[in-house]
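Take a look at this single chain in structure tokens; it is the form predicted on its own.
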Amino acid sequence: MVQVIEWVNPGEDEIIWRYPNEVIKWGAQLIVHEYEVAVFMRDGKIYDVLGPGRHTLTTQNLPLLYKLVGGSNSPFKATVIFVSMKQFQGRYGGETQTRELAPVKYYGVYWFKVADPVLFITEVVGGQSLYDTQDVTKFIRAYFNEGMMKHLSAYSIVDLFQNLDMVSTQVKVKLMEDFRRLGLELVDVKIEGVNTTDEWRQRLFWLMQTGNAQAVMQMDTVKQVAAELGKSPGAGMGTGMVLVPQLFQQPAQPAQPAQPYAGAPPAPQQPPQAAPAQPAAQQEICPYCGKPIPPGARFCPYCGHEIKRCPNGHIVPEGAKFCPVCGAKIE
């Protein structure tokens, strides 16, 4: 009976499959489907690789193995591993720290495929002794997560929340190099979300609202003042609130020109000028994901987070008892 070596009905998520019989006969029929390659290994070393098609195993298409067995036509021992060249999808998630040591959780999805089956077998399958799809998938996910943690730690927390698309693109380029060393092609990466602790979310709020790192450094003082105001609302407006707006002082207005003295000849009449156009309404930014939101929005249309506001409509941080902009009490 002719020996048939074939990967029958591989699953959608299966990357590799090892033919269970390691005794191969000359003349056996090897069937390799589209988007597959068959790799012949022995003693942990790769000898011959065959692509899609029906192959009758002879000394012509397995020259290295034939040489290894000393030109004998007797059955020989070899491990046949099928590798799928299709594209796969993986999900990831983890925790890391930003450049300021802010704790960040992230999650998303990535797409990859085998680009170099010989290198992939050498570095992952044979190198890690992983001959099962589940183990290989687990290894790739851990490898991806490790790279993501390393590369994300080079960014600031503001970049992660305000420029997530840019960060995704740059991290993808770095991870592509990492994957290439394993014989894999990283097709695409999408960071679907990031999050941090309540404490760092407060700091992020100040960074986004003021753009002033010095103000953020004084944030703890602001919180203490707000706490004291909360204990004594009646005295708050006259004492503590004087301190809070100092972080948000606007530049002084230019002085008005002096009026002419009474005896001076009248100034020539100037033609009436059109009234200057009203400035556009200031764009509001979600303090949690950094994306623009409609004026007065109560929830961010991108991240869904509730937008806290004072009675006068200013965005305020969670837990605030008084608005840091106008001083209004937050009910």
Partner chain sequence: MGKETSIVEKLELIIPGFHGYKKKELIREDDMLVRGKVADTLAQAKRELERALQRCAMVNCQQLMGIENLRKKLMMLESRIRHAEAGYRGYFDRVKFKEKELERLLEYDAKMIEMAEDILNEAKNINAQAANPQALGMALLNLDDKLVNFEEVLSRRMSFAAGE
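On a predicted model such as this, the values are computed, not experimentally measured, just so you know. Numbering follows the first chain given and starts at 1.
We do not show the form predicted in complex with its partner chain, though everything after this point is about it.
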Can you work out whether Q128 and its partner chain are in contact in the model of the complex, taking contact to mean some heavy atom pair no more than 4.5 Å apart?
no
Would D135 count as a contact of its partner chain in the model of the complex, using a 4.5 angstroms cut-off between non-hydrogen atoms?
no
Contact of K172 with its partner chain in the model of the complex (heavy atom, 4.5 Å):
yes
I'd like to know if M148 sits close to its partner chain in the model of the complex, meaning any non-hydrogen atom pair within 4.5 angstroms.
no
If we test each of L152, V83, I140, L186 for a heavy atom within 4.5 Å of its partner chain in the model of the complex, the one that passes is L186
Assert contact residue (its partner chain, in the model of the complex, non-hydrogen atom within 4.5 Å, options D165, D198, E192, D116) equals D165
Its partner chain in the model of the complex: contacting segment from 140 to 148, 178 to 186, 96 to 104, 116 to 124, heavy atom within 4.5 Å:
178 to 186
Residues of stretch 1 to 27 in contact with its partner chain in the model of the complex (4.5 Å, non-hydrogen atom)
none
